[in-house]
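Starting off, we have a lone chain in the form predicted on its own, written out as structure tokens.
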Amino acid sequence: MATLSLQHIDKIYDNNVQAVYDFNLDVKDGELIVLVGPSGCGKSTTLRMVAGLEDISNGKLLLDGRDITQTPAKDRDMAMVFQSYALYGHMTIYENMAFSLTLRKENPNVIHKKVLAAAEVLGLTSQLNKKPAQLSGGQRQRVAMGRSIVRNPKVFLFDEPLSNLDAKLRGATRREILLLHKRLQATMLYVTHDQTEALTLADRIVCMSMGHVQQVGTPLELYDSPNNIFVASFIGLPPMNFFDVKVGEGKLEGKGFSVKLDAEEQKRLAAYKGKEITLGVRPEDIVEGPDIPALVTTNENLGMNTLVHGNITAPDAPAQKIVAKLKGWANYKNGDTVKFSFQRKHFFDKETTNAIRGEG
């Protein structure tokens, strides 16, 4: 398919509001990159700049090494799938999928072969004579994808394509997009605010906040080694727990609890001895144990797991919320006392909010 390179990309609007700051990314041939972050973080603006729907204020955009920064959208050889299906209601599914090729006046026989091939890939062969109103939301989104596939573009761009679907259809269509990527081996940029989509679809994730790239890496890298508190809190469900603690002699001292540090952790925190840091613990890294007492507020049974919500209390200190994702079925009640231990810990500098990776 294609390689794509975004080099020091900025987006500054006429009112001097900057939406994207110094965005850098090299997309490999056939790679599926997911841009994720909260609403207003700049991810859709970045995608629209790649598509040519927004001007690039500063920086360069290269497609297969060729500078296309100023190239009009229609000449970029990219196809975009939007949140809204944007199908023509008076046309059949076949006609919708063939529309862009018909506009280009391609040979009707070639158009027919391309539409049938795309319909087979997407499981739409039996729907080609229907109108969009006769299809489910998931099927309509597949038609929108099929309309892109028949163009055989160098890059596929997806802007929140599953947002209008219910939870069941989102899961099914997400799997279809993953299968589609494997079949086509296509270069894809995919925008979402849903971290589940990011974690399950991406070869690499770009996590954004307030126009800035916070971290680029594989799903496991962002989950296991977040760069900062923002990434740690955004990636993972339920979100990571955070506690203010002081680094003591072989332990962390929190309000109402203390946690032992192993030799590697002590080495990593050597420069922070006597200082306050932020301790992060994922709910799935919390188990029942002797270290941290908490009062249960809510018990959510999820089948194979139970989410236990509670408060860690201490004299002269506000209660600190804690969420544990325990294996199996638990039956704690509001007001019960439970004790937890932390299996895996993440450390963050209190001032910079960046992860503490090693000594100093």
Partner chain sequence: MNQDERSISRDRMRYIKNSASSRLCYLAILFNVFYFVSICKSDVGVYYYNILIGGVILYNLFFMLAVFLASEGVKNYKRDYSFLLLALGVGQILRFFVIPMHAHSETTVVNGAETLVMRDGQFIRVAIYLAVSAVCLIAAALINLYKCRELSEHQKSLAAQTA
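Everything numeric in this text was worked out from a predicted model, so none of it was measured. Residue numbers count along the first chain shown, from 1.
The protein also exists as the form predicted together with the partner chain; that form is not presented, and the subsequent description refers to it.
Residue contact check: K105 to the partner chain in the model of the complex, 4.5 Å heavy atom: Contact check for K105: no, nothing within 4.5 Å of the partner chain in the model of the complex.
Residue contact check: L178 to the partner chain in the model of the complex, 4.5 Å heavy atom: Contact with the partner chain, no.
S136, heavy atom within 4.5 angstroms of the partner chain in the model of the complex: Close contact is absent here: in the model of the complex, S136 is far from the partner chain, nothing within 4.5 Å, heavy atoms only.
Exercise: L116 in contact with the partner chain in the model of the complex, heavy atom 4.5 Å: Taking the distances in the model of the complex, the answer for L116 is yes, it comes within 4.5 Å of the partner chain.
Partner-contacting position among K74, H112, K182, K267 - heavy atom within 4.5 Å of the partner chain in the model of the complex: None of the other options qualify; the answer is H112.
The partner chain: the contacting residue among S258, N129, S84, T196 in the model of the complex [heavy atom, 4.5 Å]: The residue from S258, N129, S84, T196 that makes the contact is N129.
Interface segment, criterion being heavy atoms within 4.5 Å of the partner chain in the model of the complex, picked from 259 to 267, 230 to 238, 121 to 129, 76 to 84: Correct option: 121 to 129.
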